[in-house]
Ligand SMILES: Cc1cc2nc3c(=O)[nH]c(=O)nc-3n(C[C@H](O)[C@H](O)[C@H](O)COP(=O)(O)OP(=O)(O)OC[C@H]3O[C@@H](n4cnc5c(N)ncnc54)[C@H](O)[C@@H]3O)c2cc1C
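A lone chain, given as structure tokens: the form predicted alone.
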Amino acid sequence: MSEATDDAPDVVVVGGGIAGASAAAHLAASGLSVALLEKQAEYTDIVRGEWIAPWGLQEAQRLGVDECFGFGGGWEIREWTQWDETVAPGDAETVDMTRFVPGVGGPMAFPHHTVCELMAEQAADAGATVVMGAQRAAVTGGEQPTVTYRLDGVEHELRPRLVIGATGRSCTVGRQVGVSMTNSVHHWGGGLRVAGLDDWPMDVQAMGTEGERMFMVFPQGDGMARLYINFPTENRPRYQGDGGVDRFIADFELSSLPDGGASVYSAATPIGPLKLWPSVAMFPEQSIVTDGVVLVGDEAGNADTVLGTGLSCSLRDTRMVCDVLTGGDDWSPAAFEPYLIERKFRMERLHFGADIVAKLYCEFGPEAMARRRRARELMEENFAASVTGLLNMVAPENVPDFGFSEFFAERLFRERV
């Protein structure tokens, strides 16, 4: 390995989210010279994923960044209640989420921007060069890749051995090196961080469907929570413009919740922006590994966000790529073949599971309600019918194979006689 210099580090990571910042922190701690480029001048709430599954926390432990979640405001959620308009609130099923991954506990909810900030600080403390406010990052792949960016109006150029693209769904690096995406949009979603939920049980996350909304409440401790609503694409204008935040909160007045939702809609005070987005599933059309460039996280493709596995996937991607970079001097595309094989298998399972969850809980109207009722009855009769729900808790390879068959999906959705 040639000696690294300030303008020729071993690795440049473009994108300082969970995937990119965790990669920079781990690689720097492993002795590599790293530059981390983040376009924000400082981390702010831009409404990204704020729920991580136990298997994702396990990946964070392997990367050595797990404490960033705890110190960054992470909050363990111990129970998951699935409410629905088809059942009385007292009959809603509650699942103990602490029992799936030994040594980890339940999933964690957290403010995304504070965790990213701590990961970037950890990377800097380990010796990485962290550049906040890096604008117009441009990547050229090849045996000697280059990265240019602007900071305070000045152009800079880096010549690393390898570039890690981690710019999320914007796919900035991927597009620059010729990786295009096929996109599929099933519905839209929105998210808002709130305080004031003092009467909401802070160890319980809520998910359910009522009317034309699939709602989620992910507690973050001390009366704070991230509220989400998934809704039909045509309903997007409801939450836009003046009063959109008020309408969003008011839509948590729900008869399927025990108190009619009063502990949310009558108490929530916004402490962040409301963001709306298409719930996009992304499929790369070319290899996510090219000469001098490797893509991770959403930049490498993602499943529908309703499944909630995006951050766990990002950390798995990062860990597998870091294993190659710290495991030997071969950084050629061929060295990343195990990453490509594992990711293909993993994403096939996550796309399959996300399609089932979206069809069950993010389709609306009488026919969809009847479908949920039938599926619920089947799950009550045979717990194996709930196997897709394991994807929220354990790694995809640990979910039984039968849960990814067309026979299983047909059995779950067909009309009962």
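Since the structure is predicted, the reported quantities are computational estimates derived from the model, not experimental observations. Residue numbers here begin at 1 and follow the sequence given.
Beyond what is shown, the protein has a form predicted together with this ligand; the following relates to that form.
Can you pick the one in 160, 174, 107, 308 that has a heavy atom within 4.5 Å of this ligand in the model of the complex? Result of the distance check: 308.
Given a 4.5 Å cut-off on heavy atoms, tell me which of 45-53, 380-388, 358-366, 62-70 is the interface stretch with this ligand in the model of the complex. Of the stretches listed, the one contacting the partner is 45-53.
Examine residue 205 and determine whether its closest non-hydrogen atom to this ligand in the model of the complex is within 4.5 angstroms. Taking the distances in the model of the complex, the answer for residue 205 is no, it never comes within 4.5 Å of this ligand.
Any non-hydrogen atom of residue 186 within 4.5 angstroms of this ligand in the model of the complex: Flag for residue 186 set to no.
Looking at the partner-bound form in the model of the complex, is residue 23 within 4.5 Å of this ligand by any heavy atom? No.
Would you please decide whether residue 39 lies within 4.5 angstroms of this ligand in the model of the complex, comparing each non-hydrogen atom pair? Yes.
Does anything in 15-32 come within 4.5 Å of this ligand in the model of the complex by heavy atoms, and if so which residues, in order? Those in contact are 15, 16, 17, 18, 19, 20.
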